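This document opens with one chain alone, in structure tokens, the form predicted on its own.
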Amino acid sequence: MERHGSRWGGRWLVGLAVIVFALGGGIGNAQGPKPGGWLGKLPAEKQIEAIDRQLRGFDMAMFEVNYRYTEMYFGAIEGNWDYALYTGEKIAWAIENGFERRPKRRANAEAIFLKGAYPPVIDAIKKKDPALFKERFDALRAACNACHAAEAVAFIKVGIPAIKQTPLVTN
């Protein structure tokens, strides 16, 4: 999977860890300075637990996927293919990051989504084909809903985005 770099993009988890370790000499490190702010107010043995609570499980990965899914859709619909590809490729990255926190989600997400409907959508974006994109996007949406059903959260139904998340323009 190709990844486009951005300053923080999908790397916020790594960024947070780097900041915590740079400022605190490592969480729970008795020899180095303690982290400041809200994290430093906690005992060292509770700091990792607090970070885990903030990052939570797979729901935060899905929060990012929702954003990327919507942006990919509007990028393609508006003919901003580079942006559609950029955000589309970040979807897989967000899901992969989510597997670190919730590995039990991997089997369905890989089989139904990452190895199923997702690669053809990326291919349609690379081909800059609006009709092919719409067709494959609909299959992707169905795969999202199938994965949610397989994970016992069928009440989370993914639709076609109706509201653009950012004020980006195509020209």
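Being a predicted model, the structure only gives us computed values, none of them experimental. Numbering starts at 1 and follows the sequence shown.
This protein has a second form, the form predicted in complex with a small molecule, left out of what is shown; the following refers to that one.
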Decide whether V65 counts as a contact residue for the small molecule in the model of the complex under a heavy atom distance cut-off of 4.5 Å. yes
Does F133 make contact with the small molecule in the model of the complex, using a 4.5 Å heavy atom cut-off? no
Given that the small molecule is not shown alongside this chain, does D52 nevertheless sit within 4.5 Å of it in the model of the complex, heavy atom to heavy atom? no
I160, heavy atom within 4.5 angstroms of the small molecule in the model of the complex: no
Name the residue from E45, D138, D123, D59 that puts a heavy atom within 4.5 Å of the small molecule in the model of the complex. D59
Among I77, L85 and K128, does every residue place a heavy atom within 4.5 Å of the small molecule in the model of the complex? no
